[in-house]
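The chain that follows stands alone, in the form predicted on its own, written as structure tokens.
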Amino acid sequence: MTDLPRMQHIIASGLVAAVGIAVAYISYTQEPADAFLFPRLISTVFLVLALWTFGKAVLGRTKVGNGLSRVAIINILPGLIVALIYIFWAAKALGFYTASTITFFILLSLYDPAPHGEARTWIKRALITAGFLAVMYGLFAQLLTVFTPKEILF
């Protein structure tokens, strides 16, 4: 019988590999091909790493971590839900940059240990989010000229 951490490694890496396969499939089947060159590159690297990790987990060669405790899963769950909403709805419905900014701000607010009752920490989070958006826009739109979903906003 398999011990719990090994089974958690297999399940988690299997889920990540399944997501990697789905993302690679989507990136390789979308048109125009030029617009998806960068996503294809990234999805290929992501898929190779995910399959490698899954293979190591199946063979029992994963030596990192002792599995996830219930507390860790509960701590990860809100961020996972926000990320799934971003991936499967918000990026397309709101536009890439708008959805990314909102998602980043929510995740930062969820996991920032600074007090949530002080205006100073909220201003800090807003400034970090604005910096994140500026770096992301500069990287994707200016440097890499990646086509991003543009819907309601920008």
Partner chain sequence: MGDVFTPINFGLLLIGTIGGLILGATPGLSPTMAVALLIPFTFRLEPAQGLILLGAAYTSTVAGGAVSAILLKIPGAPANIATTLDGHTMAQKGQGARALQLSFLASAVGGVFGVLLLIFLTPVLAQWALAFGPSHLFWLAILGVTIIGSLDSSSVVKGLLSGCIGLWLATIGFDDIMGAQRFIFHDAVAGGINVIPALIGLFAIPQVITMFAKGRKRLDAEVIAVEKHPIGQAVGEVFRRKRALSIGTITGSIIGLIPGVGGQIAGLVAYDQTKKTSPEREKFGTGHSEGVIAAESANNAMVGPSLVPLLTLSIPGSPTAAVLLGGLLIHGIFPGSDLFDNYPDVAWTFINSMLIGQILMCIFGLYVAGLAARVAQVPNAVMAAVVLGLALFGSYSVQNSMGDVYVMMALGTGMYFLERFGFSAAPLVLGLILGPIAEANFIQGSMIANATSSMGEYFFSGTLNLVLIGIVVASIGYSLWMELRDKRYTTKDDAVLKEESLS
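We call the rigid core the largest set of C-alpha positions that still match within 1.5 Å between the two forms. Residue numbers count along the first chain shown, from 1. This one's a predicted model, so the numbers in the text were calculated from it and none came from an experiment.
If you look for the form predicted together with its partner chain, you will not find it shown, but the lines that follow are about it.
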Touches its partner chain in the model of the complex: Ala50 (any heavy atom, 4.5 Å): yes
Contact of His116 with its partner chain in the model of the complex (heavy atom, 4.5 Å): yes
Contact test in the model of the complex: Leu139 vs its partner chain, heavy atoms, 4.5 Å: yes
Any non-hydrogen atom of Ile123 within 4.5 angstroms of its partner chain in the model of the complex: no
Residues of stretch 31-46 in contact with its partner chain in the model of the complex (4.5 Å, non-hydrogen atom): Pro32, Asp34, Ala35, Phe36, Leu37, Phe38, Pro39, Leu41, Ile42, Val45, Phe46
Core-aligned C-alpha movement of Ile87 between this form and the one not shown reaching 2 Å: no
Val19 C-alpha relocation of at least 2 Å between this form and the one not shown, rigid core basis: yes
Exceeds or equals 2 Å, Cα of Tyr97 between this form and the one not shown, core fit: no
